[in-house]
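One chain comes next, on its own, written out as structure tokens in the form predicted on its own.
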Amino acid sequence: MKQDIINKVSSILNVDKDLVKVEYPKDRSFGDFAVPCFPFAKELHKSPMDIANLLNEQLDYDTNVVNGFLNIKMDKKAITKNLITKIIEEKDNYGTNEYGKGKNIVVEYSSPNIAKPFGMGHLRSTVIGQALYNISKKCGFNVSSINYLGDYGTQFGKLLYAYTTWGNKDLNGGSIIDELKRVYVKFHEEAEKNPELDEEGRKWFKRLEDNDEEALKYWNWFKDESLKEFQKTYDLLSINRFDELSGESVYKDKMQPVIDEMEEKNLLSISEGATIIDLGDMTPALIKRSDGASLYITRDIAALYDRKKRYNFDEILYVVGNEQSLHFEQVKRIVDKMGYDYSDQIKHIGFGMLLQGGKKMSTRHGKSVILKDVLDEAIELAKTYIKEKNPNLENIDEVSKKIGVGAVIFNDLKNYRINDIEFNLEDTLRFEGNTGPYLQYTYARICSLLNNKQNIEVSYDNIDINEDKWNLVWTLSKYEEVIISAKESNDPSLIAKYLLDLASDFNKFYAHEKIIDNDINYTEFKLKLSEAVSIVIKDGLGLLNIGVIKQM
């Protein structure tokens, strides 16, 4: 619709199409679209009002002029018929577009640390990253997902020291991850009393870098056990696979060529025994410690070079918390200083913290909340609610899982990612308000209605497109636009908020209209409109990696 208006205005005024903007009027009584005529005034040497009046005379739309804006009212019946037909025919392909056709995106997300529980702190990276992966595919990009495990660094030296010193080697069926968490917390408690322990941790990490047999044995064991535990959480979140599962350790033998290149380009200098890159007005990047051990940024640069070579990305999205913003600015600056031209393709998709009681959760201080435990609790709470509403529901376990897990995911993604989120499980599972269960319930309500559908052809001649119906059609028509906006801003909350608006519009329509009545043609029209809504709700929730339920 917008493109048709742009083409016609451009042709009448003989101006470039890029100059024509189509907006939505603040007051919908003026029209459905508005074309501001101010941008044409200088080029055409006419006042905005004169230009608007010219368009008003020549365009074959229902138009009016207000203060230099040409307002356009659309043929509601024609648009309603065409849109409903299009959505029902295309189903989950509706909203699919070619915004990113021919372009490659790499999305790095989730990235939990081995030898630690998969904590709630990694929920945000996981669900935001998966949503961006899904949205990017919907926009026609070639997308590759990477789960880049935290499996290297000085902290693993501390863990190796802690486990070999205090670890229980006879677990009797207990969890090695729980034991590693215990000794890791103990290390930091002891290090506060004896700072020399930090040096012991650094020594163990150096042994790991030097491929010491004992260090490697324990480290590989930690990693294998961690992956088994992580998969249980991914299964609950319906994340079945990553295109690449790797870790920082992959690049431990690939860093030296990068450091050599930095040396050849005269970028390195020594500061207090450590090797750094001076970044001008930015904090210097530490490339090697004084003991020769590598750092996270060195491995990240090596990984970036490798990915550019293998994926030839047009964008690489790092879904990592806001606190790492300086790190990624340093990475981009280093890429520039090394003479490469793709720093603008490096995008840090930052996000705020997940809070509980106003405080960040922290493994180091023994206060982590395990994500799988929270998801399991959400599922059980959902099951309790369902039994109260519908005790005879079939497949109650499957339904409870979709509602409980979906509620946790939606609670995260409905928020603008940069903001911190206070997590409250009971609030996320409410069946009213801005929640995932509210959307799932709306979808189930429509599925129940559709049992009355007779699949006859609808005649639109005598159908009244009143305000409730037109608002619903109008919202449905914006779906593709919202998807593209969500990709442009890398913000899944735009999808979540759109779905809430769509469900709200539908429930107003449902409250004001008797859907099933004696007029078969009118009933079938309302059911087809409802079916179109259900298709978009299901697809939109799918983009957020949330399942739907046909009966609740």
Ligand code: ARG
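Throughout, we count residues from 1 along the sequence that is shown. Since we're looking at a predicted model, the values are computed, not measured.
Form predicted in complex with arginine (ARG): not shown, discussed below.
Trainee: To verify the annotation, which of these, F351, W204, Y318, F410, has a non-hydrogen atom within 4.5 Å of arginine (ARG) in the model of the complex?
Mentor: Only one listed residue qualifies here, and that residue is Y318.
Trainee: By the heavy atom within 4.5 Å rule, which residue out of E209, E200, D300, E179 makes contact with arginine (ARG) in the model of the complex?
Mentor: Going through each option in turn, the one that passes is D300.
Trainee: If we define contact as a non-hydrogen atom of the residue within 4.5 angstroms of the partner, is G153 a contact of arginine (ARG) in the model of the complex?
Mentor: Flag for G153 set to no.
Trainee: With the partner left out here, check for me: in the model of the complex, does some heavy atom of Y296 sit within 4.5 Å of arginine (ARG)?
Mentor: Within the cut-off, so yes.
Trainee: With a 4.5 Å heavy atom cut-off, would you call Y148 a contact of arginine (ARG) in the model of the complex?
Mentor: Yes.
Trainee: Verify the contact flag for K402: yes if a non-hydrogen atom of it lies within 4.5 Å of a non-hydrogen atom of arginine (ARG) in the model of the complex, no if not.
Mentor: No, no contact at 4.5 Å.
Trainee: Hey, of 110 to 118, 234 to 242, 337 to 345, 445 to 453, which bit sits against arginine (ARG) in the model of the complex at 4.5 Å between non-hydrogen atoms?
Mentor: Of the options given, it is 110 to 118.
Trainee: From first to last in sequence, which residues of 480 to 512 have any non-hydrogen atom within 4.5 angstroms of arginine (ARG) in the model of the complex?
Mentor: Going through 480 to 512 in order - heavy atoms within 4.5 Å of arginine (ARG) in the model of the complex - there are no hits.
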